[in-house]
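Take a look at this one chain, the form predicted on its own, written out in structure tokens.
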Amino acid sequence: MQSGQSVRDEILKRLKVTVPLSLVAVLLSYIIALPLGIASVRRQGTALDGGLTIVLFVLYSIPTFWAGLMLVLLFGKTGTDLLPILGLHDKDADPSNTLAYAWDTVLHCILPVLTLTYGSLAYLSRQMRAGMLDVIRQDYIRTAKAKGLSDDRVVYRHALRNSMIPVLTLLASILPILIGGSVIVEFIFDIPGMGKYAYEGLLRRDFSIVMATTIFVGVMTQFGILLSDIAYSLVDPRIRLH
């Protein structure tokens, strides 16, 4: 309404920034959370289980805005100065040098992806642990152990797939939250993505931007639910699409 530019064009441009960051964060969350949840169950009651529980609980309790600011202070000019903290590229980055430009982008994305990942990682890991604990107490798991199968075979062949159901259910909420809820991360690290675009539209009271971004988050919620339903049929043979 104010700039006169098409909201669709702006959203498409900013999705090229937000979607890769969010997808990497989702993949990292699942790749790290699942093994942590399984390890916690297999070492239930040990120091490893207790330590993981405390660390993940602390991570889940840390607010995103505080974590982002602390990472900026730690790795920025005021701290170790190891990583860039603003934008996606240095102001003197040369796009014609493909490898250097890509590496510069990777360095700029480390802190935002880390900020997006840690909260969902902690929550997914706890849900994986709870799902696995519920499954390994089932009769068919005790039967598999009674047949003399190894612990690895029992956990990864019989218990893992059924314990994935609660974790896959969370995909329906994690995906739209990361894409639509990246306002804080993109604002802190000055990333021109969907979250920052929605925040700027809200500040300017540009209702076209607010409505478009809200509808998009709703669509992503439906898409996340669809992905969850499809994944159910892949991990659980009792569930089939008709």
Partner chain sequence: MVEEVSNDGAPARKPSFNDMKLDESGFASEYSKDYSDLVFEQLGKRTLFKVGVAVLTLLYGIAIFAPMIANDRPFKVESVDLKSYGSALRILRPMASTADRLAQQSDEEFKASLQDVAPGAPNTRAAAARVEFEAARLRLATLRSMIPATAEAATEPLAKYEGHFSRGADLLDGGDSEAAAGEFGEAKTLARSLRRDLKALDPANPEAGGVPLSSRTERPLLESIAAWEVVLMVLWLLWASWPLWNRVWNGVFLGGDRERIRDARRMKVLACFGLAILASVTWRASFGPPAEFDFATHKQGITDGNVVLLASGKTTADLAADPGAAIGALVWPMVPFGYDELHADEKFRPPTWTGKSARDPETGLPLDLVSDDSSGGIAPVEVPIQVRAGEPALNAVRRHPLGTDESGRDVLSRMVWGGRVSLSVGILSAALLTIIGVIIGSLAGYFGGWVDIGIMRGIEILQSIPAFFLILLALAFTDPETVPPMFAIVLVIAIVRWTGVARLVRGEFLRLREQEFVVASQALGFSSRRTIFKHVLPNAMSPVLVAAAFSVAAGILTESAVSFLGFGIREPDASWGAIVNESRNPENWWIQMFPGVAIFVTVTCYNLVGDAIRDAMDPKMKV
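Since this is a predicted model, take the numbers as computed values, not measurements. Residue numbers count along the first chain shown, from 1.
Unshown form predicted together with the partner chain; subsequent notes refer to it.
inquiry  = Among the candidate stretches 163 to 171, 122 to 130, 141 to 149, 103 to 111, which one is within 4.5 Å of the partner chain in the model of the complex when only heavy atoms are counted?
reply    = Selected range: 122 to 130.
task = With the partner chain left out of view, choose which of 183, 26, 191, 41 has a non-hydrogen atom within 4.5 angstroms of it in the model of the complex.
result = Selected residue: 183.
request  = Report whether the minimum heavy atom distance between residue 214 and the partner chain in the model of the complex is within 4.5 Å.
outcome  = Within the cut-off, so yes.
ask   = Does any heavy atom of residue 221 come within 4.5 Å of a heavy atom of the partner chain in the model of the complex?
value = The answer is yes: residue 221 has a heavy atom within 4.5 Å of the partner chain.
task = Report whether the minimum heavy atom distance between residue 203 and the partner chain in the model of the complex is within 4.5 Å.
result = Judged by the heavy-atom cut-off of 4.5 Å, residue 203 is in contact with the partner chain in the model of the complex.
query = Would residue 47 count as a contact of the partner chain in the model of the complex, using a 4.5 angstroms cut-off between non-hydrogen atoms?
reply = No.
query = Does any residue in 59 to 87 get within 4.5 Å of the partner chain in the model of the complex, counting heavy atoms only, and if so which ones?
reply = Contacts from 59 to 87: 60, 61, 62, 63, 65, 66, 69, 70, 72, 73, 78.
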